[in-house]
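Shown below, as structure tokens, is a lone chain in the form predicted on its own; questions about how it binds or moves come after it.
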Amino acid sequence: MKTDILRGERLKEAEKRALELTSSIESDLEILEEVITINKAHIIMLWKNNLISKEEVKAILIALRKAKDMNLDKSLEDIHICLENFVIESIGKDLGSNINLAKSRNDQVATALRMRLRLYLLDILSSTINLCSALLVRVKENLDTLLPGYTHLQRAQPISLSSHLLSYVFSLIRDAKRLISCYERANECPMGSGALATTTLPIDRKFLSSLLGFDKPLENSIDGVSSRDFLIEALSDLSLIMTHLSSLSEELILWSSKEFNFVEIDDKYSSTSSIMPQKKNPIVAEFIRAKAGSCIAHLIAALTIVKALPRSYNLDLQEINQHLWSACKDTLNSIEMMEAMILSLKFNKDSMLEAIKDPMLLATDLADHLTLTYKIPFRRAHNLVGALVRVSLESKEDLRDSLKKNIAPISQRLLGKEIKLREEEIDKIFNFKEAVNRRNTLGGVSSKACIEAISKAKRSLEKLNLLILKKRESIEKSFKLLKDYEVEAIG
């Protein structure tokens, strides 16, 4: 076991089990690159503010260049102490001991979390936009594909497949907008907060923040080291994305069953049974549905960890990190798999068309026609059609056929006047394609409404893509500046 530079002369050697319990080295690997970058920026800031010598900054930066391949010592508490220990062992105490001058692990880890999270957010944003684009491909292909819409999982009204898929597109666009907003709050820099009370040394927090690609420093040092609301907000947003993906997965699972037979999921995203050779199981959709539950659990775990913590840093916060990384990875993987699955789906249009032939789906259209044409108040028209539906079910007749025979006596009984519909009226009401296209209100299910919605969705995705590009360019610009200073220092 190496000398523990942290415990030093203050504490005796830690018990092995206590080290194993509290060490975060394995989970810290997720932020190793960010921690190295933070140390480079911090050392350059100290040098530019005349707090360390040119000789020190050069030696430390050279050591940090090799730190990515350092052997991790699990007897040390975390990646921060491992890195400091590596630098000191590499260049000696005289040159390396100032690497932690004017900073703490508390502000360093909070900064590294934000830096790693913002990259995940940008990747998840890009993948979400790709998924929306894949859905829009299928939307444009299916403007005239009709199927029953469902409420309570019961057949309700005729819709277009395009309108149904668009419902997911606009949900995901809102998810993406939430992530953009979350990114802006996450991209504020805690560095310079120290352990909780900043430092007595004349550091430049704004300069340090700019080197690390942040929009600005956080305003309060205690808030800087203790707050994890940015992380919980991200987990909440990821949970919403996964909830939407779970809903889509659930429908694909249902629709791929023989009872629906609306879609066929490609073999690449399916499996079979170990005992029943005829089976084709939608395992990827099931996996995504399950991962939504895991993501929600990560959110609840994080909220539970922070709910009763006093301000400033507590080691409890370390336990949140693994929940964040798992949620980010699962969400990113799920979005990418869903995109591939959507593009390879086969829609069984004949099965959808057969399902939509039930005249019961147009009962509302019949009630609307009675209201508009015969000036029957809607609730009374609703009751009249309900009576016609009941008679149709009891007689096991098609609603259209039953309507012709029964509307006159039922209307006489319920309304006190006899209503008769002409054949051309009935033909118009029970034309399914026309019924869908009659629903031409903003956001409706008609082909015209869907074409307008496609244009709106594309504009939203273009704006989001531009925002993502600008944020990536901003980070790259800052890192280029950091690299230039690094070259200047090393020579």
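Not measured: the values here are computed from a predicted model. For every residue, the number given is its place in the sequence shown, counted from 1.
Another form, the form predicted together with a further copy of the same chain, is not on view; read the next lines as being about it.
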property: Contact segment among 400-408, 67-75, 234-242, 129-137, judged by heavy atoms lying within 4.5 Å of a further copy of the same chain in the predicted complex; result: 234-242
property: In the predicted complex, the residue from Val389, Leu122, Leu345, Ile419 that sits within 4.5 Å of a further copy of the same chain by heavy atoms; result: Val389
property: Non-hydrogen atom contact Phe287 with a further copy of the same chain in the predicted complex at 4.5 angstroms; result: yes
property: Phe378 within 4.5 Å of a further copy of the same chain in the predicted complex, heavy atoms; result: yes
property: Exercise: Ser455 in contact with a further copy of the same chain in the predicted complex, heavy atom 4.5 Å; result: no
property: Asp144: touches a further copy of the same chain in the predicted complex, heavy atom cutoff 4.5 angstroms; result: no
property: Residues in 432-471 with any heavy atom within 4.5 Å of a further copy of the same chain in the predicted complex; result: Arg438, Arg439, Asn440, Thr441, Leu442, Gly443, Gly444, Val445, Ala453, Lys456
